[in-house]
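So this first bit is one chain, no partners, the form predicted on its own, shown in structure tokens.
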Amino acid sequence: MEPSSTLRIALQKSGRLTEESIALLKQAGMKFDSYKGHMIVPVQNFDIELLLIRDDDIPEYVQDGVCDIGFVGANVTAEKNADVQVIRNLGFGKCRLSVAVPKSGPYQSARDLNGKRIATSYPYLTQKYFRENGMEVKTVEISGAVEIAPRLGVADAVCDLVSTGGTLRQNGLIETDVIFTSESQLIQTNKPISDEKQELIDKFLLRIGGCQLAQRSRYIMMNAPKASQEEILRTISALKSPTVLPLADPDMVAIHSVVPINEFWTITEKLKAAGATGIVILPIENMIM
């Protein structure tokens, strides 16, 4: 039987990355029926099928070529030590894997934990960190509610995923050492794939890249004195040459461009100082460079 030419993408079936992964796929123009309660979901307008599985299984499925690419947290890929290639960081689902100790306990940092018990859902990364720092610890593998382990006497400290740190504080723990930073990423199998599938992957990545670029950018329009045009164009730092249009007033022009969202307020203040008026900022759905 000939291998299927359909591109198979692994997704977390439920969890902290699921909704944003689905939203990104839809922003990239993928059309599919409700994914909830289904393991395999075909995409109606692209030769893709989505496989919704446990996040812990995604690196192995991609490594073994069951799926061609996958959406997964970098922490999961690293913990599984999977033989895959990271093809795109996605910028959402950011968190960190940290060592935390009881606030009222005798330990102040990871350096104090040589020979101690560490409760964690990430034994590989935990052991790796301590070994690289010349220490040996005993990992107590726990699949959930890691933060209560010290109170139960199961461990001396924990190594767990942290987003805001609120759960640690509620359980009397303080974060001492960050051992790994994570975000969502796209991974691809290292198994041989057909030219047809690679072409699909390239097209898929073009769409995802356009969505990411749009999320980081805003479309800006303004009126400006013609005398300030050069100063304003220098301020905008456009991705491409801005559009400059004449207005009914011969001393004024309209300028359209794209600006990075993280510089929006600084740029706007400079534009106002240069005489720009009627400044309008619009979101961008997609953008292909």
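Note that residue numbering follows the sequence shown and begins at 1. Keep in mind it's a predicted model, so treat the numbers as computed, not measured.
The next section is about a form of this same protein that is not shown, the form predicted together with adenosine-5'-triphosphate (ATP).
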query: adenosine-5'-triphosphate (ATP): the contacting residue among A274, L17, L24, I267 in the predicted complex [heavy atom, 4.5 Å]; finding: L17
query: Partner-contacting position among L125, C95, I208, V140 - heavy atom within 4.5 Å of adenosine-5'-triphosphate (ATP) in the predicted complex; finding: C95
query: N190: touches adenosine-5'-triphosphate (ATP) in the predicted complex, heavy atom cutoff 4.5 angstroms; finding: no
query: Touches adenosine-5'-triphosphate (ATP) in the predicted complex: E60 (any heavy atom, 4.5 Å); finding: no
query: N133, heavy atom within 4.5 angstroms of adenosine-5'-triphosphate (ATP) in the predicted complex; finding: no
query: Contact test in the predicted complex: K31 vs adenosine-5'-triphosphate (ATP), heavy atoms, 4.5 Å; finding: no
query: Stretch from 69 to 77, 148 to 156, 215 to 223, 197 to 205 whose residues place a heavy atom within 4.5 Å of adenosine-5'-triphosphate (ATP) in the predicted complex; finding: 69 to 77
query: Contact set, 18 to 34 vs adenosine-5'-triphosphate (ATP) in the predicted complex - heavy atom within 4.5 angstroms; finding: none
